[in-house]
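First, one chain by itself: the form predicted on its own, in structure tokens.
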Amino acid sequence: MIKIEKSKFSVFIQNLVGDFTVFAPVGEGRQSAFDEVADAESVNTALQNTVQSPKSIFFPQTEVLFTYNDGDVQIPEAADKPFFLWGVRACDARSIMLVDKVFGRAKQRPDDPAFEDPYWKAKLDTAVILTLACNEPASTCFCHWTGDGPFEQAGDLWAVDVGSSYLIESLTEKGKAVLERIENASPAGKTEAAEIDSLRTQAESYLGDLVDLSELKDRMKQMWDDPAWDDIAAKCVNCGACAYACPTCHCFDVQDEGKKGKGKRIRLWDACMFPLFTKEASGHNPRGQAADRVRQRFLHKFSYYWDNYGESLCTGCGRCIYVCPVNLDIRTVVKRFLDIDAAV
């Protein structure tokens, strides 16, 4: 583990810019997101977390898959430099790995490239992710429910803000290669290690009581026809804000834009909360009621994905709680299905 003084942070970022396209937290409040930066002055180091997750770096909200012109198909060129993500929180680093199990290593045939998304893999496979420990989790955070924590080590590099400096440790060979190039750094000592333990204990104290989700996937299936889904749906307005803010939602639509044999095919985010998402060409919609769509969202997060990969598709980042216009709290929904006293 090395120590980089914050006074030298600008040099650190500037050195990265030469070999990477660097993304970091920018903006404030509801306008906060991960965006490309050219210098340290653009980075908001005080953010608890961004409202828009870094998922959009690898899976953009709109993405041109190819252009076509009278049978001639052109695939966009890959980025000329690999990506470096600075300041990703542990919940988001884990979310990228969860989506990678769908786009990068699909369970159906993990060794068959036909089941890999080349657009996702081209960006993620060469990227370096630096995860920054979360010293002060927000009131909406519940990452400890999903098996994580504010100081969980994830990504290629792991960093801790200890006030006047950052302590950084490599977790992968890609991360190690970056650390070896860093100048003006010094080795971290026993004092810094003790400080990390203190900060971890303090951060964990901000989180609420722990809820065991191990029985949730089966409980939700057993309660398929439970009136609870109607109660939840009565409050939900099906706006899709939760899905668009979520770092693991990965539903998409594919559309062609053009005419007379010339145009482009684009992929764009979609959401199971939208009434048209499952509407068939015949006009029939198997999820025509709001309760059906709410149930699909929660079962996908806490049951279907768990059946396939042995873990929840939720990382407890709390973004859906923050952006919901009707204050529908995913934590109270989960507690209700676990028979814990909670009103939706």
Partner chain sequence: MKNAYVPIPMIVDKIGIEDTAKTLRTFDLRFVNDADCEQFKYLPGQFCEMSILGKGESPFGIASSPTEEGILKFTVNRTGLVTNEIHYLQVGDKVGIRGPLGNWYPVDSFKGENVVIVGGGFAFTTLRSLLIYLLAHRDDYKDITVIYGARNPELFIYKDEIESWKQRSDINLHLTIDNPVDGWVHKVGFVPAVAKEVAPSSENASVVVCGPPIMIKYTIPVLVDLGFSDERIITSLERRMKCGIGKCGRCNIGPEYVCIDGPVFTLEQLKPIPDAF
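Residue numbers count along the first chain shown, from 1. What you see is a predicted model, and the numbers here were worked out from it, not measured in a lab.
There is also a form predicted in complex with its partner chain; it is not shown, and the following applies to it.
*Asks:* Between Y119, W158, F84, F151, only one gets a heavy atom within 4.5 angstroms of its partner chain in the model of the complex; which residue is that?
*Replies:* Comparing distances to its partner chain in the model of the complex, the residue within 4.5 Å is Y119.
*Asks:* Work out which of Q255, T191, S186, S205 lies within 4.5 Å of its partner chain in the model of the complex, going by heavy atoms.
*Replies:* Among Q255, T191, S186, S205, a heavy atom within 4.5 Å of its partner chain in the model of the complex occurs only for Q255.
*Asks:* Given that its partner chain is not shown alongside this chain, does L65 nevertheless sit within 4.5 Å of it in the model of the complex, heavy atom to heavy atom?
*Replies:* Yes, L65 lies within 4.5 Å of its partner chain in the model of the complex.
*Asks:* Does R267 reach its partner chain in the model of the complex if we count a contact as any heavy atom within 4.5 Å?
*Replies:* Although its partner chain is absent here, R267 would touch it in the model of the complex, with heavy atoms inside 4.5 Å.
*Asks:* Does its partner chain get within 4.5 angstroms of any non-hydrogen atom of L276 in the model of the complex?
*Replies:* Yes.
*Asks:* Given that its partner chain is not shown alongside this chain, does R181 nevertheless sit within 4.5 Å of it in the model of the complex, heavy atom to heavy atom?
*Replies:* Answer no; every heavy atom of R181 is more than 4.5 Å from its partner chain in the model of the complex.
*Asks:* Counting only non-hydrogen atoms, which stretch in 160-168, 267-275, 143-151, 192-200 is within 4.5 Å of its partner chain in the model of the complex?
*Replies:* It is 267-275 that comes within 4.5 Å of the partner.
*Asks:* In sequence order, which positions of 73-104 have a non-hydrogen atom within 4.5 Å of its partner chain in the model of the complex?
*Replies:* In sequence order, V73, I75, V102, F103, G104 come within 4.5 Å of the partner.
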